[in-house]
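So this first bit is one chain, no partners, the form predicted alone, shown in C-alpha cells.
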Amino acid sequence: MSSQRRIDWAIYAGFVILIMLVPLVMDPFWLNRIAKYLVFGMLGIAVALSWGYAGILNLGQGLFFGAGAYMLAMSLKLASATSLQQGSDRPVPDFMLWNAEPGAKTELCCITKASFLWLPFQSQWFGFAMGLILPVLMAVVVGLIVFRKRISGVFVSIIMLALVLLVRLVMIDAQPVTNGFNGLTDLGWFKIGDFEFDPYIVPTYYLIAGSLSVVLLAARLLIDTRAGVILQAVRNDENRARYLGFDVPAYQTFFFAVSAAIAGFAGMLYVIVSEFASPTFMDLSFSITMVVWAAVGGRASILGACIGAIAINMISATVSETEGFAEAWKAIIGLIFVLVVLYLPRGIAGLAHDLIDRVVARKTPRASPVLRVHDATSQLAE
C-alpha cells in the first residue's frame, strides 16, 4: 500500500474513532443532536457518490431521503401508544380518525379510501425493508429511463427537481393517508428484539455512528473497485468509455441506486433520532442544501463530503442560536459556500489532499535519472 493510501485510511480510521468517543464527553441532549448531524453526514456521502464520482448532479436527493423516512415512520406510527387508542383492536393512526368520513369503520383496512396501504406496515421490519427498497426502485426506474436516453448534465438535475416537487405535492395532497403538511409525528421507538432505541440514549447514538462508519467505509471500498474506476472514467469522458465497450447506463444506474439506498437509509435513521417524518424532507431547498454540504467538504471525497455536511450543520445550529446572528445565519452559511467555491474549488478535502501530497513528496526520496529510465524501460517491455 502506498504512503498516500495509508494516510487516507488512517484519516478514515481517525474519523471513526472520533465519533465513537463522543458519548464520553456529551450529555444526552447533545448526543441526540450530534446523531442528527451524523445522519446528514451520510447524506453527504450519498451526494459525493452520485455527483463527485458518477458525475450526476442530483438536485432531488431529498426524494430518496424522504421516501426512506416515511416508510419506517409509517411502521413506528402504528407502534405508538396513540395508534392503539382509537377504538380498534388493531392500531389505527389518530389522524386517519380525524380525516375519516362520519360512520366510517375504525379499521386500518377501510377507515379512509387508501388506508389499506398501511396494513403491511404493522411489521416494523417491513417498513425498514421498504425504506431501502423504495428509494432504490425509484432510482433504478429513473436511471433506466434517463441514462438509456443519454440524458445528462443539467437536464438530469431538472428532472430530479421536478420529481421531488411532484412527490412532495402528492404527499401533501394525500392528507387522509399521509397527514399532509403535518407529517407523521408521535411515533413509537425503533426496536430490535425487546430493546427499544430511545433517541436520547447512548446505544441509539452508537446505532447511528456505527451505521455511518459502515456506510463510509463501504462507499470508500466501492469506489476502489474496478466498477468504481470505470465509473470515474465515465464521469471524465462518457463517450470514450462507451467507445471502449463499457455499458455506461448500467454503471450510472447502479451507482445512482446505491446513492439512493444510502439516502433512504439516512432517512430511516433520522426518523429514529428525531421521531417524526415531514414533507419538508422533500423541499427543494433541502435537496440543494445537500449539494452545498458536498461542495464545501469536497465532492470528490467521500469523507470530505461527510465531514462537510456535519460541519455545516453544526455551524448553522451554533450561529442560528447565537444572539446577534439569529437573523443572518443563512447569509453567513451562504458566504462560506461562496468563499469555498471561489478559493477552494475542490472543497476542504482538496486542500487537505494537497497538504498531504506535499508532506509525502518531501519524505519520499527521489530516484536517480538512471533508475527512472530503467523503470520506464521495464514498464514498456511489460
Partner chain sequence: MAQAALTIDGLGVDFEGFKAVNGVSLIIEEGELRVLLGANGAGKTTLMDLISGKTKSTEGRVFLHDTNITNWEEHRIARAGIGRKFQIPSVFKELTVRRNLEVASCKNPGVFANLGFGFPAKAKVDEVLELIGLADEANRVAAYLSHGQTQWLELGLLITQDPKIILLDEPTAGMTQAETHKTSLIVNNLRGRHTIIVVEHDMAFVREIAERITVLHLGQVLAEGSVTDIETNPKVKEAYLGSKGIS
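Given the structure is predicted, the values throughout are model-derived calculations rather than measurements. Numbering follows the first chain given and starts at 1.
What comes next is about the form predicted in complex with its partner chain, which does not appear here.
Undergrad: Please determine, with the chain shown alone, which of 221 to 229, 180 to 188, 266 to 274, 114 to 122 has non-hydrogen atoms within 4.5 Å of its partner chain in the predicted bound form.
TA: Flagged stretch: 221 to 229.
Undergrad: Is it true that Phe29, Arg33 and Asp198 each have at least one non-hydrogen atom within 4.5 Å of its partner chain in the predicted bound form?
TA: Not one of the three qualifies.
Undergrad: Please identify the residue among Asp94, Asp247, Asp283, Glu107 with any heavy atom within 4.5 Å of its partner chain in the predicted bound form.
TA: Only one listed residue qualifies here, and that residue is Asp247.
Undergrad: Looking at Val146, Met130, Leu216, Ala241, which is the one with a non-hydrogen atom within 4.5 Å of its partner chain in the predicted bound form?
TA: For this set of options, the contacting one is Ala241.
Undergrad: Indicate whether its partner chain has at least one heavy atom within 4.5 Å of a heavy atom of Ala233 in the predicted bound form.
TA: Yes, Ala233 is a contact residue.
Undergrad: Consider Asp237 of the chain shown here, and say whether it contacts its partner chain in the predicted bound form, taking contact as heavy atoms within 4.5 Å.
TA: Yes, Asp237 sits close enough to its partner chain in the predicted bound form that at least one of its heavy atoms falls within 4.5 Å.
Undergrad: Using the partner position in the predicted bound form, report whether Tyr206 sits within 4.5 Å of its partner chain, counting heavy atoms only.
TA: Tyr206 lies outside the contact set for its partner chain.
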